[in-house]
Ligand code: BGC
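Heads up, the chain below is alone and in the form predicted alone; it's given as structure tokens.
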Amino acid sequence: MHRQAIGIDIGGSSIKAAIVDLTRGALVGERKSVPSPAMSAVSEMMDAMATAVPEGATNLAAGVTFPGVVVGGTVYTAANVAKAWIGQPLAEPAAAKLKRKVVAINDADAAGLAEVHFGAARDVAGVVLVLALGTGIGSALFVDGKLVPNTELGHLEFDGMEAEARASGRARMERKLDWGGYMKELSYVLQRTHALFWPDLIVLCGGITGDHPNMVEDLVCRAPLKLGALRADAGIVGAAFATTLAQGVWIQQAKAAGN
């Protein structure tokens, strides 16, 4: 395994990037952040990504996250970014722009990789589910440490309402839920999701977990619950780690997609 790689985490409001030590799953040096042109043309996103890449990382491969389904380096959904991204390659133009090897991955999958290999789910056998609570609900599903990519479980519908419409961070604000009401809705989503997958551990990530470090005590679920350990760095770390999988999982995805 190469000891370092670049992680680039594309979000709706910012693009964050850093060099990552792949032995420790920790950032090397400062994290750089630039505004994200998420609703703009693909070319503008490429320019912004290039600006975010840390200096002095000429020979390092890069992993890039995207808030949507990514198969074989191509984007297939775009819930909170410009619809022009649907069907657009990401890994190939990013590699040309950044002049390096690039792997593209769903943002929740990247956070999950970070938590499974370096964080709250490290060395946990069986089925692990990582949920990112933000604008939507991102999901990453693992079986004995192996990622099942692009699960998109936030779009599961329970009683006529999508999970993320019930219990995402944005849903909490839009529905004007107090903390007790939000915990009830999130517990319901966790219980219904548990009934489908029976995970051995559920890890919760996202900004709301940083604001409420004891929130697992307010939730009701049959599966053990933990908060993510890598906080805001999870996407960057997971993206960088994904470069180590490029000769396995990601090439298989590309073949499956017919690329």
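Numbering starts at 1 and runs along the sequence shown. Predicted, not measured: the structure shown is a model, and the values here were computed from it.
What comes next is about the form predicted in complex with beta-D-glucopyranose, which is not displayed.
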query	finding
The unique member of 137, 114, 104, 130 whose heavy atoms fall within 4.5 Å of beta-D-glucopyranose in the model of the complex	137
Contact residue in the model of the complex, from 155, 184, 122, 97 (heavy atom within 4.5 Å of beta-D-glucopyranose)	155
One stretch from 114-122, 86-94, 172-180, 72-80 that, in the model of the complex, holds residues within 4.5 Å of beta-D-glucopyranose by heavy atom	72-80
Heavy atom of residue 68 within 4.5 Å of beta-D-glucopyranose in the model of the complex	yes
Contacts with beta-D-glucopyranose in the model of the complex - residues in 159-196 whose heavy atoms fall within 4.5 Å	164
